[in-house]
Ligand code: GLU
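Just one chain follows, in the form predicted on its own, and it is written as structure tokens.
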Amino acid sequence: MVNNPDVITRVAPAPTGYLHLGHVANALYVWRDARARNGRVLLRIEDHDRERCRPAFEDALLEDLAWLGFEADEPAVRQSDRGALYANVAAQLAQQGLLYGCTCTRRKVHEAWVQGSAEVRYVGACRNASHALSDGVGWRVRMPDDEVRFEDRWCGPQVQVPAQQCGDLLIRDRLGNWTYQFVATVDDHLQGITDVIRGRDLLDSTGRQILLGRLIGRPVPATFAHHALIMKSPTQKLSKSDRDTGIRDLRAAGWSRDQVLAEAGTLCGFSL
């Protein structure tokens, strides 16, 4: 019985392809941890990228999750239905003078990237250009130089400086799509998510989401726990194009629900 309102976590698949064993592994981590603490699990469909997301993929992932027995504690929420909420939060940032328009193309941003740094960092070319916040331009948040310290439950103490990692965050692209960093932060805040459980490939995103959360009114962040990834090779994680690990392909090959869960559990080091 779920009886601890102080623990709320989420599973947040993007309908840009079919589920694979890596997604099942994340679901196992989330549900096992939440149920061990009598917490709740929410299902969020991260369909903010209108160019890549497809209704057929959403239908398939919902059907696969149901077949695997992963049942959320509330009806699924779709980011495509939450545009007004995101616009309201963006307006609050703009009123604080924290938002500005950016005309830089992705190519221009990459050309200014300092080679050798861990990730592409926006150098602030449009920070003082006074571009209007309109369609056809990107919207960026002025990120302060704050150092963010947090204790990851599974990776230990972390220190990140988002302004040095990524520069000013893009929250809405030139096509009008809200970005992952923004919508994930807003949704975790508005949905009251207390525990974010996800793969280590997103560990570097944590500091910027905590800092952005402060700017939109969340002084106390969620607790983060980043788990190991299921890898295709020592340097390559699974992707939605890996048909040999896709859930629908495994089902078509005759795998049962228990076999799929056992395989994902084995790769996670769980005994199911």
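All values reported here derive from a predicted model rather than from experimental measurement. Sequential numbering from 1, following the sequence displayed.
What comes next is about the form predicted together with the ligand, which is not displayed.
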| property | result |
| --- | --- |
| is_contact(residue 202, the ligand) in the model of the complex, heavy atom dist at most 4.5 Å | yes |
| Partner proximity in the model of the complex: residue 12 to the ligand, non-hydrogen atom cutoff 4.5 Å | yes |
| Partner contact for residue 131 in the model of the complex: the ligand, 4.5 angstroms, heavy atom | no |
| Residue 150: touches the ligand in the model of the complex, heavy atom cutoff 4.5 angstroms | no |
| Output flag, 81, 172 and 182 jointly within 4.5 Å of the ligand in the model of the complex, heavy atom basis | no |
| Which of 137 to 145, 156 to 164, 103 to 111, 194 to 202 sits within 4.5 Å of the ligand in the model of the complex, heavy atom basis | 194 to 202 |
